[in-house]
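Take a look at this single chain, the form predicted on its own, given in structure tokens.
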């Protein structure tokens, strides 16, 4: 199979799938046809072509795979395609809970509530329903509490390849202190 044909196949798969295209999914789609290059090398070639032709999109590594995404400068136009009901809206409590789980995972409900100081049942239920969190086993301690962690959907929604890509807490503190300085 020629490289140009492989690039076209990968491009078609990237356009067609709402989830990140992983090496495993790529090989499964190829069936018996053995690609001459691994997916990451094909992606590099496509990326170079997109950069050279100044496209409105690029390929981003997300959640262990690859997705086509539009450049930030076109965000306002793309948002116009979607109704307000399609947006993900979370309460302040849900956002706090999501932040705690993101940075402390895996974490129990009691750990979350100890940090927030209030019950987090409703927030956890909302985040589980929206598939931003998932249950990943049980704690070894008394009562064997459920352990929560972020999901692949969380990584996709926030455009992260892994939770290691989250900003460090020190970086967030620096940004917040800069913002407070501007308000004074």
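Numbering follows the first chain given and starts at 1. Quick caveat: nothing in here was measured; it's all calculated off a predicted structure.
We do not show the form predicted together with a further copy of the same chain, though everything after this point is about it.
> a further copy of the same chain in the model of the complex: within 4.5 Å of a heavy atom of each of 9, 122 and 128?
Per the other structure, all of 9, 122 and 128 touch a further copy of the same chain.
> Taking heavy atoms and a 4.5 Å cut-off, does residue 141 contact a further copy of the same chain in the model of the complex?
Contact with a further copy of the same chain, no.
> Just checking whether residue 56 would be counted as a contact of a further copy of the same chain in the model of the complex - the rule being heavy atoms within 4.5 angstroms.
Residue 56: contacts a further copy of the same chain in the model of the complex.
> Going by a heavy atom distance of 4.5 Å, is residue 153 a contact of a further copy of the same chain in the model of the complex?
Looking in the model of the complex, residue contacts with a further copy of the same chain include residue 153, since a heavy atom lies within 4.5 Å.
> At 4.5 Å between heavy atoms, is residue 41 in contact with a further copy of the same chain in the model of the complex?
Flag for residue 41 set to no.
> With a further copy of the same chain taken in the model of the complex, which residues across 3-32 come within 4.5 angstroms through any non-hydrogen atom?
Result: 8, 9, 11, 12, 13, 15, 16, 17, 18, 19, 21, 25, 29, 30.
> Closer or farther: the CA pair residue 75/residue 129 in the model of the complex, versus this form, with a change of 3 Å or more?
Closer together, which means the C-alphas of residue 75 and residue 129 are at least 3 Å nearer in the model of the complex.
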